[in-house]
Structure formats: structure tokens, C-alpha cells
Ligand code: FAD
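Presented below, as C-alpha cells, is a lone chain in the form predicted on its own.
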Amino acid sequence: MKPDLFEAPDYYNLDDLLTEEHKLVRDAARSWVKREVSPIIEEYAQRAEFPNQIIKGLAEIGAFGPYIPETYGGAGLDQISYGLIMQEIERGDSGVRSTASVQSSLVMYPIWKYGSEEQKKKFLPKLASGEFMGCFGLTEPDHGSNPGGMTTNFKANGDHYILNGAKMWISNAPFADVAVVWAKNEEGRVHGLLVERGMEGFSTPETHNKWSLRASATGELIFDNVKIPKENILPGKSGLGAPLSCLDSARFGIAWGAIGAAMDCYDTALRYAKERIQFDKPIAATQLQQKKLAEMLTEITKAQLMAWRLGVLREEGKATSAQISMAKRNNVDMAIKIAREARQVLGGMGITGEYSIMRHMMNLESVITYEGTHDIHLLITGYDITGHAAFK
């Protein structure tokens, strides 16, 4: 088993912009990833299996709802701390970061923001500790980029609602204890419902044969006349803006997480280039390899600055959805390009499980699509700057 020798690039001394608490939070997550994720992740990715034993550790480093108030079991941290934790986890694996992102931003966030006090007390402490795991049901087989077209629906029936429909490509679905599901009522208004494991008619079949996010559990959510107690509806907000606000939080985490994947690819390529001898010298001494490495570091540095500034704006309550979309799109695109270049630096060795690069590259093919595709985020920026919606 190869030791994890990762050293994070910080070419513009961005650590100077972080508080001591930020650095403590990040370093704790980094140490945990080196100790608990790096040694096992290649094996689990090869087996297409999520390492369930890391859930407790994710909770201990504050990866589940780090910005949720301590009253409800969270760590009460700021947005930059959340971003840094996601960065370090995705440096280990995008699938593991997906698990934490979903738990934090797509399950705990809507319960905290839009749930009743009873719902908060019932679910948030157990989600923060990892005793409960959650998932988020928005995407459907026929409605991805256009979630407003969803057909999953619920109807009132005495003291219950009856829920029918299906959701697809749902991270954490196979083992989730609670699903935050978005469905339309009889008037066509979108609401959030808390669907709990064990409710009759609720099933979560696992998605197999993935080439990407292989160490993450993905599945479907099937609702066949599921009886949902009326107290399980999120009372604080309805309409499509409710799930989209959750996606803002998750996309913010992705903008940071993708930097982690890029840093790992860059660090691997740099280390390999210094050690690999061809024509009697290390390949790091050649112009083309230096061009690759210098451009990688430049793009990582630009993404780090964007993520940091976005974190400041989000903590101040000033970050717009369009700004978050820009960062998600840019940083994931940056990461996938770096993964591809880093793979070339390693030559044939780059496709083996001895190194992390090919796994990152395959994972990022999902990250560039989920929670808003690369193209849709571009059009969100276009809409914001022109006032014309090209996707409607």
C-alpha cells in the first residue's frame, strides 16, 4: 500500500487569507483523508462499493452539516470551513465528497431551513452524527435539467399524503434512512416531503455498472402509493426555488471539492515527473512537461481564488445563484482538464489503480454533469448577464 504523500499547492499564499480555525478544520480533514480514505479508496472503487465504515469518521471531522448550528448537532462553522472540508474529501474521492455533500446541503440544509422545529430535532442530530444517512430526490428519468417538469406527485388522503412517482441518479439512495423528496401537489405546486425508510411502497434499487463514482452508492427512489404523514411535509417553503436553494449550497461545495481533485492530480503528476527518468534526465526537466505542470498550477490557483471569494460572499449572504453556477462550472471544468493532462504526464501508468488520476478523471465526468450540467450552468451565466433565458 503506497503512502499518501500529498502536499497541497498554495502558489499565491492563500493560507494567509484563512483564519486559524479554517486551517485547523482543513488540516483535520486532510489528515483523516490520508489515514482513512487514501489507503482503501482504490480497492473500493475497483469493487464499485461504498466504504460504509468511513461514515463515522466523516461525522467526526464535521463533514455532515458543518454550518448547521450546534443546537441541532452541527459544528456551527462558516461557509469557507464547509468548502475546505469538501476540498479535502474530494481530494480523496469525488464519490465520498458526494456522500457528504448530499447529507449536508441536500438533506440537512432543507430540513434546517424549511423544516418544522419537530423535524429539525428529530432528524438533524442523527444526520450530523451519521446515525441517519439521507438522500435528495429531485431528478427524474425524464426530467433532469428541467426539474419543473417533474411528474412525481402527492395527494391528500385524510391525515396522510399519497406519494407516487420515481427519482433517478440519487446519491446515497441505497442506504438512506430518510429522503428529502420534491413532488407536486394537486395544484402543481412543488413541496418537499420527508420519506422514511420502511414506509410501505418506498424502495431504493441500486444503480450498477457505473464507470464513474464507483465508490459512491447511487440508486433510484420508487414511490408506489406511499403513505406520508402530513407532519412530514417541509412547511417553510414551497415552489421550485426551495430545492434550487439546496442545490446552491451543494454546488458551492462542489466548487471547492473539484479543487481537491485537481490538486491531487497535479501533485501526483509533479511527483511522478520529478522521478521518471527518460533520455537520462527526469521528464520534469523537459519543456512540454513543465508547460503542463505550470498551466495546471495556474488554473488551480485561479480556482482557489474564485472559491475563496465566493466563500466570503456566501458567508455575508451576498453570493448569487449565478455566481455559484459560474464557480461550479469553471472549477469542475478546470479539474477534469487537469486530470486529463496529469494522466498524460504519467503515460501508461496513469491508467492504473496504482495512481489516483484515472479514478479522479472518471469521477469528474459525473461531477461535470450532476447538480446542473456544464452547459446549463453556462446558460445560467448567460441569462444573468443578458436577461434572456436561452433554456426556456
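Position 1 is the first residue in the sequence shown; the rest follow in order. Since this is a predicted model, take the numbers as computed values, not measurements.
Here the subject shifts to the form predicted in complex with the named molecule, a form of this protein not shown in this document.
Of the listed positions (S366, N330, Q323, S38), a single one reaches within 4.5 angstroms of the named molecule by any non-hydrogen atom in the model of the complex, namely S366. With the partner omitted from this view, the residue of P229, G144, P174, G236 that lies near the named molecule in the model of the complex is G144 [heavy atom within 4.5 Å]. Although the partner is absent here, A183 sits far enough away that none of its heavy atoms falls within 4.5 Å of the named molecule in the model of the complex. Taking the partner from the other structure, the named molecule in the model of the complex has a heavy atom within 4.5 Å of a heavy atom of T218. Put simply, L213 is close to the named molecule in the model of the complex: some heavy atom of it is within 4.5 Å. In the model of the complex, F223 stays away from the named molecule, with no heavy atom inside 4.5 Å. Of the candidate stretches 166-174, 76-84, 121-129, 297-305, only 166-174 contains residues with a heavy atom within 4.5 Å of the named molecule in the model of the complex.
In the model of the complex, S366, T369, Y370, E371, G372, T373, D375, I376, L379 are the residues of 360-387 with at least one heavy atom within 4.5 Å of the named molecule, listed from first to last.
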